[in-house]
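Single chain ahead, by itself, as structure tokens, in the form predicted on its own.
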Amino acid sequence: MMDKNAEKVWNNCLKIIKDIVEWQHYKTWFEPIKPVSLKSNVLVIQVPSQFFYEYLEEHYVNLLAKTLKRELGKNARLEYRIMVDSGDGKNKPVTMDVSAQGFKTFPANEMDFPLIISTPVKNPFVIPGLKKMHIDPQLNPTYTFENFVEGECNRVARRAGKTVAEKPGVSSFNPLVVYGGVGLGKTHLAQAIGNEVKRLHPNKLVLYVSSEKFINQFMDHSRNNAINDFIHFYQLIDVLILDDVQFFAKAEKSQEAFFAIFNHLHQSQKQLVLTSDKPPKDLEGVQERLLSRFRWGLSADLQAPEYETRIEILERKMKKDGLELPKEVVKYIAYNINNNVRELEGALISLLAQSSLNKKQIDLDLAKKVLRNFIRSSSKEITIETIQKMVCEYFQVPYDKLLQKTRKREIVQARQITMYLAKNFTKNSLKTIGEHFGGRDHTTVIHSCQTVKDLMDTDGNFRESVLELQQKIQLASM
């Protein structure tokens, strides 16, 4: 029987968590949890599997700690009751109780909301007798270049980041401004630069900070009449990584402080790395003198990953976690989740969670069922005629020539690519596809598709053209 006090405390925690965690993650990782009991400030929650428990410990234990301590005070503790399959399929699952291993005690100033940080951070400005060795770089060690998959979508930014990490402050990429939409890897790349600098130049002083935290710290020091201390601290840094500079908008006083910091670091050949959701020219509410300095170095964008990069991201994630999925499932995820990396990894995690919860093997049917919340239901059906017109426009080939019996190389190649794309993107039979090309039979379609596959393996330029057309068709289907 459920403890009413435990239920009340847990529901209060969920009200906070619901406002912080993305909806899909909340549904997957928090709704299945059941409060069991509350005794002496120890809340016991029931989770459906060992996998579930391990995932919460790795990704959400700090959030659970902060919300529970907010409800029960600093002595609050958490325990899990893990459901374990009895193995015979007849008896009810047995349970196993474990303490939350990552449930640490946090200082009072880390308990303030709405600021929730995945790893508790120390305020670097309150250290008496400040020395370089005492400053925490605030870097996540899992963000490295090795696990940042390179593709056409991010090649310039990634390679510029490597250059900066190898020679911080002395390359022409100072500042390096990395910009792009949500979930495309800006924070990962920025922190990878910091981690690589620490590896190659262990004596360099590196600091990663979000612009929101920078602004909050500035305000705290302003209230304490310690702005000079704030500026002097930042002027000690060798590599300063400032995330999400778009939040500087209208924070005039913070911008003035950063202007002084920027000038000092740049003149001292110290490296600045900035991230933003848009290019410097489009940042509103930021002083022009700051924007002009952002343009001194290199601005590199991150775009949505192309299909092949999405495949590699999923395969890297699977290899890291020791997972194996059928190829058709990986392709289905990569084809349908094309907005950003975060959604791609989130879709994979949700699929694994549902497989664990429901004790079902992962196959294409389960993937389609689980991922329907991630996939836009209003996709348009692509027709053979649509693909024909897109290929003709891409190669600047007259539409009527595509249907005629001609041996001109550029016409033949465009026709073969169109047949290949029609087979991959429509539900039409080979016979129907052939009929749309002047009444050709299915053997011609088979030959054309094989020719395209062979050329993609041997001709890089040809392969790039086909991949670009695939992307255009995918966008047209949204």
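Source: prediction; values computed, not measured. Heads up: residue numbers just count along the shown sequence, starting at 1.
Separately, the form predicted together with a small molecule exists; it is not shown, and the next lines address it.
- The small molecule in the predicted bound form is approached by Lys186, whose closest heavy atom lies within 4.5 angstroms of it.
- Of the heavy atoms in Arg342, some are within 4.5 Å of the small molecule in the predicted bound form.
- Mapping the unseen interface onto this chain, Val170 falls outside it, with no heavy atom inside 4.5 Å of the small molecule in the predicted bound form.
- Contact annotation: Phe148 falls within 4.5 Å of the small molecule in the predicted bound form, judged by heavy atom distances.
- When contacts are defined as a non-hydrogen atom within 4.5 Å, none of Pro137, Phe233 and Leu274 contacts the small molecule in the predicted bound form.
- Note on the partner interface in the predicted bound form: the residue among Leu207, Leu265, Val286, Ile313 having a heavy atom within 4.5 angstroms of the small molecule is Ile313.
- Shown without its partner, this chain lists Lys369, Lys360, Arg295, Lys317 as candidates; in the predicted bound form, only Lys317 has a non-hydrogen atom within 4.5 angstroms of the small molecule.
- Stretch 174-182 is the contacting one of 71-79, 224-232, 396-404, 174-182, since its residues have non-hydrogen atoms within 4.5 Å of the small molecule in the predicted bound form.
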